[in-house]
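As a starting point, one isolated chain is supplied in structure tokens, in the form predicted on its own.
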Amino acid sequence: MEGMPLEIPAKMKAAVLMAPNKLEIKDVQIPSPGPHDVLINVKACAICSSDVSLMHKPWPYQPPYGSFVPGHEYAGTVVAVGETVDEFQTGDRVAVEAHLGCLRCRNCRLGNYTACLNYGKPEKGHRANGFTTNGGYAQYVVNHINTVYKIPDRVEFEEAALITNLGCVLYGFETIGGYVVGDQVVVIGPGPLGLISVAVAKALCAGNVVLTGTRDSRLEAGLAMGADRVVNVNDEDPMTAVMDETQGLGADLIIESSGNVNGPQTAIEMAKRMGKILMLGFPDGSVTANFSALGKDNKSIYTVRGEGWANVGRAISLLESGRISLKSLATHAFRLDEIEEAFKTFTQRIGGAIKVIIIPNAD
């Protein structure tokens, strides 16, 4: 029952990062919520490409091997609350965002907590669950109430685990100005963020949305998410297609979500004069791009990290209203003890995998 104290065991199962690319299921102590926290029983945690990256090579301020539980895209049920918490009660179904921020630096005080100036300093109050603090590949996790959002009963936990992705895309759209009604939009790369970008652009009434990629199955998923035209770059020149769709002017907004080393330059070339480029995918290393063209044509590049400005809350509103559905993106699910197979399925795209979900409390 909602609001009733629940019996919580002392130990839980968690996937602990023991070495590069090596997760082990361990029995660990269940964390206790602080005065401003809730304890969440994790029902679903989605694998993200960021997890693959930080497991291969530690990110800045990542906890040491043997003590760190990754996973930042999760949803579950509140099972305990801190002594000052009256915003939530036991039994609440919730989704989360990863970044808390320190709440005391200038960036945080201006609302830019995903760019916290005390990043990685828990003694200053910063947390980023799944990055600098323990995350959701576990049966239980602690979240500050500022990072928790109630979800409606109609949203299942596997879909709710993807709300973080939708929040990230919305944060990007807000960063570039948010007003895309009637605009020509191109999305480069049909990964999860690219597919969600298609859906958001259509929900915000973009005039025309073109999705480019290399895999027909993902492009078909893009059509289902609302793309007006898809372009397989192995079969068709994407630049020609975009110019055809925009009467030779280029697009108002280019969303680069492929992470390909050529992505930034392609985006610059596809954008019209005064066009905007939103970077959601980032190449691993340096790239070559024509910044002279940016200046001469007043084109602008925007970057975002995380799901800032409380956009997870906006994401939930879009799901609740039915304007966007993420259900089709959650293609596979595995138990916590199957996490190695889950990562293999995700990285190798076995069976057309898009988002792979871990169910920590599966029977």
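From 1 onward, residues are counted along the sequence shown. Every value quoted in this text rests on a predicted model; they were computed, and no experiment measured them.
We do not show the form predicted in complex with a further copy of the same chain, though everything after this point is about it.
- Proximity to a further copy of the same chain in the predicted bound form, defined as a heavy atom within 4.5 Å, holds among Ile301, Ile30, Leu336, Leu329 only for Ile301.
- Of the listed positions (Leu219, Val155, Val79, Leu103), a single one reaches within 4.5 angstroms of a further copy of the same chain by any non-hydrogen atom in the predicted bound form, namely Leu103.
- Taking the partner from elsewhere, Leu318 is found to have a heavy atom lying within 4.5 Å of a further copy of the same chain in the predicted bound form.
- Interface residue remark: His56 is not counted as part of the site for a further copy of the same chain in the predicted bound form, having no heavy atom within 4.5 Å.
- A residue is said to contact a partner when one of its heavy atoms sits within 4.5 Å of a partner heavy atom; Asn234 fails this definition for a further copy of the same chain in the predicted bound form, lying far away.
- Looking at Arg215, you'd find every heavy atom of it more than 4.5 angstroms from a further copy of the same chain in the predicted bound form.
- Here the marked residues Pro9, Gln62 and Phe68 all miss a further copy of the same chain in the predicted bound form; none has a heavy atom within 4.5 angstroms.
- Proximity to a further copy of the same chain in the predicted bound form, taken as heavy atoms within 4.5 Å, picks out 140 to 148 from the listed stretches 140 to 148, 190 to 198, 127 to 135, 156 to 164.
- The partner is not shown here, but in the predicted bound form the stretch 282 to 313 reaches within 4.5 angstroms of a further copy of the same chain through a heavy atom at Phe282, Pro283, Gly285, Ser286, Val287, Thr288, Ala289, Asn290, Phe291, Ser292, Leu294, Gly295, Lys296, Asp297, Asn298, Lys299, Ser300, Ile301, Tyr302, Thr303, Val304, Arg305, Trp309, Ala310, Asn311.
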